[in-house]
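Next up: a single chain in structure tokens, the form predicted on its own.
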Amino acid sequence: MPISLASSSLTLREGLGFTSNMAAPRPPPILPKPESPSFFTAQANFYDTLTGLESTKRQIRQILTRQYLLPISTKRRAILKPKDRAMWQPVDQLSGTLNHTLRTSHYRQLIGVLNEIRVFRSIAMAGRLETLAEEIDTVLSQFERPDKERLLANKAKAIQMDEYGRTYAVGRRKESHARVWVIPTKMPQEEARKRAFPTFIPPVTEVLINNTPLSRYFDNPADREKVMLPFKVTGTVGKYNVFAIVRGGGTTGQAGAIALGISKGLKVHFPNGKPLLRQVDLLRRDPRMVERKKTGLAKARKRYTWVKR
């Protein structure tokens, strides 16, 4: 005898305690679609901001490309690079702006994209696209420090010559601190007449460090070369003498601090040599420092030999 599926299923439902009056199970609720595609990353604010900046950078690049301002050579890009320093919000302040705690790696990503957009602004200004430059300023101003104008107004005082033609500058490197006076040499008239003859007298720059000649103060030739490098780059060997007072650090740090002080002084004495000094990176303090030792490690990064037993 054939079995009726309808009657058998009804009998089964009644045997399990179901009645025909019971309501059908509810369908699963329909959840609203997230506004952001990075909703489930737990860092939606950061990724949304980064995606928006990348999109803005892409649009600016397309506009500059249509105006035949991109691509440009590396040398041309270096010339158009903004001269003033960027004043971005620090990581803690930017975290409050985004309402999300930023990690250092995330902060660097944001700053890298902002710096690229800032370079595009300089290219737009060079191409006389004022409207585009103003729109870029509107985007960048959201990430700049609110006290930018006050910080830019509090610039360090420019180095000036005194009544005797001397310049005073301060140089720092690692733990060393150097006060440097650059003094023009004044040759007597008799010495000047002697130099008019074929006999060649090589120019000499006297460098006194803590009342000690350079050759006696630094035993390492590399340190002496570091101190004399600004004069060699600008071709002013023998035209200026140096008196320096240096404290702290070792020989390498002291040589770097003195070289930075000499470069700052030569920038005033010999303005035409400023591009040469900047090209060799002698007008910027070297920020490299000794990395601190870590707990559980032999040094900053060196680990102890792993032993199984």
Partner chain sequence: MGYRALPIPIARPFSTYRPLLVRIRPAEPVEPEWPASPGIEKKQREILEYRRHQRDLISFFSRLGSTQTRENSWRPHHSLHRPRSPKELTLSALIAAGAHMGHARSSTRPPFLPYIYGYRSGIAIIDLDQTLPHLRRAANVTRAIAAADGTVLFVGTTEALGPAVRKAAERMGENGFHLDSRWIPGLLTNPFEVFGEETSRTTNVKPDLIVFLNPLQNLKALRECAIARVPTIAITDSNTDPRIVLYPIPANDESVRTAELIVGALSIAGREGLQVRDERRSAQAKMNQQAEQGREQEMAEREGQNIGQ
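Positions refer to the first chain, counted from 1. Bear in mind the structure is a predicted one, so any value in this text is a computation, not a measurement.
What comes next is about the form predicted in complex with the partner chain, which is not displayed.
- Proximity of Y164, N220 and A222 to the partner chain in the model of the complex is absent: no residue of the three has a non-hydrogen atom within 4.5 angstroms.
- Screening 264 to 272, 249 to 257, 47 to 55, 278 to 286 for residues having heavy atoms within 4.5 Å of the partner chain in the model of the complex returns a single hit, 47 to 55.
- Contact with the partner chain in the model of the complex, defined as a heavy atom within 4.5 Å, holds for exactly one of M87, I79, V119, V204, namely I79.
- The partner is absent here; in the model of the complex, the one residue of V237, V170, A126, L152 having a heavy atom within 4.5 Å of the partner chain is A126.
- In the model of the complex, at least one heavy atom of L69 sits within 4.5 Å of a heavy atom of the partner chain.
- For the chain shown alone, R26 is not a contact residue for the partner chain in the model of the complex, no non-hydrogen atom being within 4.5 angstroms.
- Not displayed here, the partner chain is approached by S38 to within 4.5 Å at the level of heavy atoms in the model of the complex.
- Residues in 265 to 289 all lack a heavy atom within 4.5 Å of the partner chain in the model of the complex.
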